[in-house]
Each structure stands twice: as structure tokens, then as C-alpha cells.
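What follows is a single chain, given as C-alpha cells, in the form predicted on its own.
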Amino acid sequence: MNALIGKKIGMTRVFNDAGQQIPVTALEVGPCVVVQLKTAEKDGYNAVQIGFEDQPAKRQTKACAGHFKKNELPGKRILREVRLDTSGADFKVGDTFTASVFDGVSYVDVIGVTKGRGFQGVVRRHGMSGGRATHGSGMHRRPGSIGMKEWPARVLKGKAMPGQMGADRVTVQNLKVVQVRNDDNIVLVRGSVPGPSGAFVFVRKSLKKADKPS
């Protein structure tokens, strides 16, 4: 297994053997239960579907409730698929994986959803400087002219404009694993992780630094 579902707990700090302070983000990773196996013969690809965090039956749709009941598993709030290079012969429905999956792993990639900031203007959303901050300018935080004269006489696609900010799916790559606390299913990674405290994240072994030593 090379990835698990988790939850962002928040940021803290730890000290290494040299007494240096290291800022870390605490992630509660697992336990995750295998809910379904997918094979190339039946589904066209090999994968395992894992679930995280129990959910009461009254909060499940009938489709999800039937999905869990089929395999006699408790309902899970979050479901994700982990693709496999080969068939999942080593896995079976009901298997449970914890933070110990990341024992000995040096780097991980964390996928999350950033905090939503709502509708924002160009100064906050794109870091534009705005106009003069003097009396009577009438152009303090506005985007300014966006026209294209007589030709092409339109606004080009991708122009930086006011709009929805945040709530985007973001992958932070190559975060160094500082500690793995198996008793609490906690993984401490150096650096920041997208989303607020309590947000769900997807933690996988790093794709770009998978073979580099710690």
C-alpha cells in the first residue's frame, strides 16, 4: 500500500538531536479499511478502494449503505481508490492499514483542498498593486483597463480578474517525514499542508523522491 486517507490535525514543532526546532504538520493517517478490490479483468484497472472514519447508517445514502453491507463492513465517511501496478492478490476486503505504512519512508506527497476565501478582488486574489491611494483617485483596488483596443476587441481568456478564491485541490510534493507515531497513527511532516485543521487529506509515498535516502 503506497497511500492512505488521513486528517490534518494542525501544526506544531519538534526538536531534533541537535536541538534545532522543526516546524511540522501533524496528520492522522488511518486506520483505513479495504472496502473493495478492483481488477483489470472486471473493471479495466487494478486498484483497492479504502475507507476512512466511521459514519453512522443514518447519514449514508442507500447506495453507500448497500455497498458496505455487501461486505459486512461499517460505513465509512471518505472513500478513495489507490491504483496498483499489479493485481491486488495481496489484499482482501476488510484489511486495515495504519500509519505504519509510512515507516521508513523519507518523503510523502499530500493532497488536500485549500481554504475557501470566497469572491475576492484582484489585489488579494492575484497580488496586484492597485491604483494610487490618494484622495480623488477613484481607482484604489480596481483591476484597471482590460480592453484590447480595436483588435482583437475582446478580453483574452485567462485574464486575471476578480472571482472565487481558494477551495482548490492542491498537491504538495516531497514533504519530509519527520516522525511516524504508530501508537497514535500520527505522521509528522515538515512544512505546511493545504486546508484547515480537521480537513481530510490523501497521503501517498512521494513519486519524485521515492528512492532517495532520508
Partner chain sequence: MSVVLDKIDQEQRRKEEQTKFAVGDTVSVHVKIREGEKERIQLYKGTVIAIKGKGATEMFTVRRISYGEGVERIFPMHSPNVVKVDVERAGKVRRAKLYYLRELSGKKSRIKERRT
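Numbering follows the first chain given and starts at 1. Everything numeric in this text was worked out from a predicted model, so none of it was measured.
Form predicted together with the partner chain: not shown, discussed below.
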item: L188 within 4.5 Å of the partner chain in the model of the complex, heavy atoms; value: yes
item: G10, heavy atom within 4.5 angstroms of the partner chain in the model of the complex; value: yes
item: The partner chain contact in the model of the complex: K42, any heavy atom under 4.5 Å; value: no
item: Proximity of A199 to the partner chain in the model of the complex, heavy atoms at 4.5 Å; value: no
item: Position in contact with the partner chain when the complex is considered in the model of the complex, options R59, R181, K69, R169, heavy atoms within 4.5 Å; value: R181
item: Partner contacts in the model of the complex for 1-35 (non-hydrogen atom within 4.5 angstroms of the partner chain); value: I9, G10, M11, T12, R13, V14, F15, A18, G19, Q21, A26
